[in-house]
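So this first bit is one chain, no partners, the form predicted alone, shown in structure tokens.
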């Protein structure tokens, strides 16, 4: 079942989405508790024969503060489903979307519902904080999870059925700092902002601050914010009193976009580096012309010249008015692709014949980890613990159009990662 609403981009719509998300919370808690009770009655059909057509379940944020990511993910998943369904394959695959919203109880409820409906694997949830709450449920039930957008440290280590196609922040985040310092080697004063009530943001700011220290820079101001904040005058004023030459932000799209806008409105003219939470074109209507010049490290570039990325980009543009796809959409496509291709390999070898759903799930998880995949992100595979291994990353600069409502992530630099050396090289 797909429950979705339109993409909110105006400020009043975004505030309304926040209010709806708050109202949903109490209900979501009750649903989550009910779902746990259902699991307690052994509703998971793991012991039943694997059906002829298998279902992948996706629990993504279609409502709440994170719906800007969820809308990107829905596009990527639906494009992938249509593309791979159009090619010959031995076993039909269905996709079932469930609204995981933007909080932990909703993600738990969505996982429970999809597991109870007999999905063979799960994609999601959208936020790292949700993953720490919901992934253990899938782990206990032996259901494979491929995370499309969870970058916080420790996600794959939740359990043997958990993996991700979203590279962890520690690999990517420092690349944008290096670009900022390359542009201005005289930077010595850095202000840091992060959302203290978000697992991803707190993990990423630690990575940013460690990287700053390794480059001989100690923040002159560290400002803690909240995901629900929309007025940042006090922390911005406090930070600007320290005369920073660089601002580093770890936040999500709505609060981070508003923070960028208000930084510029209050007079800050230096460089801005942002983390993965702002890695979506949906920030453009929020910070508008003030987005221009923001630096961000990315795991995806639409400029990657490979057949699968060209296909992905063409399909996206055909469906979205010639716009350019972003990282979150590409990672959602990749999560679907990984599970689809692993399923078809198993089927071709006859390893899905005459087995229960539970056994099929176990075999699928093993096959996901064993495979190599040519994706829009580039070639990827997995470590034994479910961590993605990806060879190339990018730094992009936001370039806004004259109307201040539309823009693009312009590729600035690419980095090849030498896994043996443990670090990137330009």
Partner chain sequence: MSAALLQILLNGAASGGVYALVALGYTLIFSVLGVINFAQGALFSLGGYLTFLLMGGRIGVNGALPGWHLPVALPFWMALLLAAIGAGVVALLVERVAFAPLRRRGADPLLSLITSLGAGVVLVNLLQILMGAEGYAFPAGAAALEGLPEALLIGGARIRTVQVVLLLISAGAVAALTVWLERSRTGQAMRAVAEDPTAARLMGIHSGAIVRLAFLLSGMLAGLGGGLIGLSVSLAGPYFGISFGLKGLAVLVLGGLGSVPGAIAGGLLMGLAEALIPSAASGWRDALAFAVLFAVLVLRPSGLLGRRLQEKV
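Numbering follows the first chain given and starts at 1. Please read these numbers as outputs of a predicted model, since none were measured by experiment.
This next part talks about the form predicted together with the partner chain, which is not shown.
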Option touching the partner chain, based on a heavy atom within 4.5 Å in the predicted complex, out of 301, 71, 337, 209
71
Which one of 196, 245, 139, 306 is close to the partner chain in the predicted complex, taking close to mean a heavy atom within 4.5 Å?
196
Please check if residue 234 has a heavy atom lying within 4.5 Å of any heavy atom of the partner chain in the predicted complex.
yes
So in the predicted complex, is the partner chain close enough to residue 219 to count as touching (4.5 Å, heavy atoms)?
no
Residue-level question: is residue 266 within 4.5 Å of the partner chain in the predicted complex, judged on heavy atoms?
yes
Would you classify residue 183 as touching the partner chain in the predicted complex, given a 4.5 Å non-hydrogen atom cut-off?
no
For the three residues 178, 215 and 331, which mark the spot I'm curious about, does each lie within 4.5 Å of the partner chain in the predicted complex through at least one heavy atom?
no
Per-stretch contact check against the partner chain in the predicted complex, the hit in 370-378, 56-64, 356-364, 385-393 (non-hydrogen atom, 4.5 angstroms):
56-64
Can you tell me which residues in 287-322 come within 4.5 angstroms of the partner chain in the predicted complex, by heavy atoms?
288, 289, 290, 320
